[in-house]
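Next up: just one chain, as structure tokens, the form predicted alone.
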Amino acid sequence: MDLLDRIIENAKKQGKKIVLPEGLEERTLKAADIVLQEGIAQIILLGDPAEIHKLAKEKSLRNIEKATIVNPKFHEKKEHYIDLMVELRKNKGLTREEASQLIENPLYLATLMIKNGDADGEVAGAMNATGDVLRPAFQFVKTKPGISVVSGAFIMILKDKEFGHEGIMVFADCAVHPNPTDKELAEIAVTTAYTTRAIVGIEPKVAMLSFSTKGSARHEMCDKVIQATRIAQSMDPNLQIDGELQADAAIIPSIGKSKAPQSAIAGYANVLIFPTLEAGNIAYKLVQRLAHAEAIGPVLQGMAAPINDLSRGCSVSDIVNLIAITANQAAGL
């Protein structure tokens, strides 16, 4: 059984409620139909019920009737969610009139459903920009306690099984935060380790990457990684985290032994933490294209509840897989 199969099978055991704000988006509806047919998760669709049922009938989607469909404009909890919005944003001056308008936006409604415990996670972005998906999440769901930064991890499935854990590695941050501070980089490392456990199901061995290994070069950029490593280790002493390490020292045992002989991570890392977004984004795309690796993600992490953003060019299978991943995240929080 490959990784995606394991993720899907584990999601089936959880019974998590995943809300899909883009209930009238065709790929999303087709993905929901598959998820419901296979029992991967419970689905909440946001949109006009008559329009959703009409589209489902046109596309011969017979399982949509199993979904919970909520009309953002008319539903029994609307006033409750408005009250909750005003309470959560009273220090920002949100008025009841403003909240009454925002709650009819499916992206805002989805986050309030999660905040109220009516949904376990959200998948959106097939027809909305990343900023629009994340804005209500930052305002109402916010980050986990002790975490100040949201980041994006990619699960990399390599053809060469010698690297990582039988060819599986996790890269971060490759999607969100351009230039994290040492503290933020430490938070990214810790949250990526937790993501690795929850979704991949392996014990993370985290390498904090730099262009230096254990002091081989001197620069403020190296100093950031060194300090981030110390902070990450103190955040969770039970995690296996080491740095600063060059990429080859992190993943090739002979080089790891030569450059960092005292490190238990060097040569055996399955989680790579990049010092900046540009490094992480470039690296995952190069590995994806040159090594013909499968890149699953980005998996957003650091939020108090799992909210994941799709590419607007996503396929139906991409949405199905991200729903399964979101269900696994919800189970691992």
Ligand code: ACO
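Not measured: the values here are computed from a predicted model. Counting begins at 1, following the sequence as shown.
Note that the form predicted in complex with the named molecule isn't included here; everything after this is about it.
Check: For the spot marked by F211, H219 and A266, is every residue within 4.5 Å of the named molecule in the model of the complex through some heavy atom?
Finding: No, none of F211, H219 and A266 comes within 4.5 Å of the named molecule in the model of the complex.
* Specify the contacting stretch among 149-157, 73-81, 244-252, 200-208, defined as having any heavy atom within 4.5 Å of the named molecule in the model of the complex. => Result for this chain: 149-157.
Quick check on N281: any heavy atom within 4.5 Å of the named molecule in the model of the complex?
Close contact exists here: in the model of the complex, N281 approaches the named molecule to within 4.5 Å, heavy atoms only.
| said: Even though the partner isn't displayed, in the model of the complex is K92 close enough to the named molecule, meaning a heavy atom within 4.5 Å? | reply: Result yes; K92 sits at the interface with the named molecule in the model of the complex.
| task | Answer for K115 alone: is it within 4.5 Å of the named molecule in the model of the complex, judged on heavy atom distances? | result | The answer is no: K115 has no heavy atom within 4.5 Å of the named molecule.
Non-hydrogen atom contact Q233 with the named molecule in the model of the complex at 4.5 angstroms = No, Q233 is distant from the partner.
Give me the residue from A305, L61, I52, L277 that has a heavy atom within 4.5 Å of the named molecule in the model of the complex.
Exactly one listed residue reaches within 4.5 Å, namely L277.
**Item:** Residue (of G131, G215, P237, P261) lying close to the named molecule in the model of the complex, criterion heavy atoms within 4.5 Å
**Value:** Going through each option in turn, the one that passes is G131.
Subject >> Sequence-ordered residues of 135-170 touching the named molecule in the model of the complex, heavy atom within 4.5 Å >> reply: Residues within 4.5 Å: R135, F138, Q139, K142, T143, S148, V149, V150, F154.
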